[in-house]
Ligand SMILES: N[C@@H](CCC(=O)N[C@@H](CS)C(=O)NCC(=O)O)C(=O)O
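Just the one chain here, the form predicted alone, laid out as structure tokens.
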């Protein structure tokens, strides 16, 4: 059985959890983190889940971060690489139509999420809920919100041309974007959702796999 190391409140881990739910693949979930634990973020004095600093884990992932998978002896880290692997290995028809051009387009948007949406959303979470109030900076939060909104405008333009982010069918490329848009809403920062993103987001929320791991606000508001 595939093993996954991570935590539910990690956006990177959630991408993998959502992908696994779309495929319907059984797995063992092992809680691991250097930053978060049962009580919340370590900046508030909470104890992390740990595991990631052990020699055994570092032998799998030298970065000491999550997520990491072990699929029958094949070890892989980096969340976007993991979801691409899962799509190719277990669900090429379901997650990209078994078409190389669709795969490449989905891959592009997956990398775009990592470069354009993840950094500002990390700042959003840190300066809204995770850092102690005395360490939060409203200016950092405002800049992050503005940068995120500009990037979402790019996605809105694409979703005005196609039903899903990589074309007319759902692909693994919709998963990272879906996670970020949902967290944007859960954090209460989506003051104005562009129309095409709003239409697409409604479709994401209707997916059973989205509701398995991603929908619950508790998986985004852990501080």
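Numbering follows the first chain given and starts at 1. Values in this document were obtained by computation on a predicted structure and should not be read as measured data.
In what follows, reference is made to the form predicted together with the named molecule, a form of this protein that is not presented.
Remark: residue 7 counts among the residues lining the named molecule in the predicted complex, judged by a heavy atom distance of 4.5 Å or less. Of the heavy atoms in residue 78, some are within 4.5 Å of the named molecule in the predicted complex. Proximity of residue 65 to the named molecule in the predicted complex falls within the 4.5 Å heavy atom cutoff. Heavy atoms of residue 12 reach within 4.5 Å of the named molecule in the predicted complex, making it an interface residue.
Of the stretches 165-173, 66-74, 186-194, 150-158, only 66-74 has residues with a heavy atom within 4.5 Å of the named molecule in the predicted complex.
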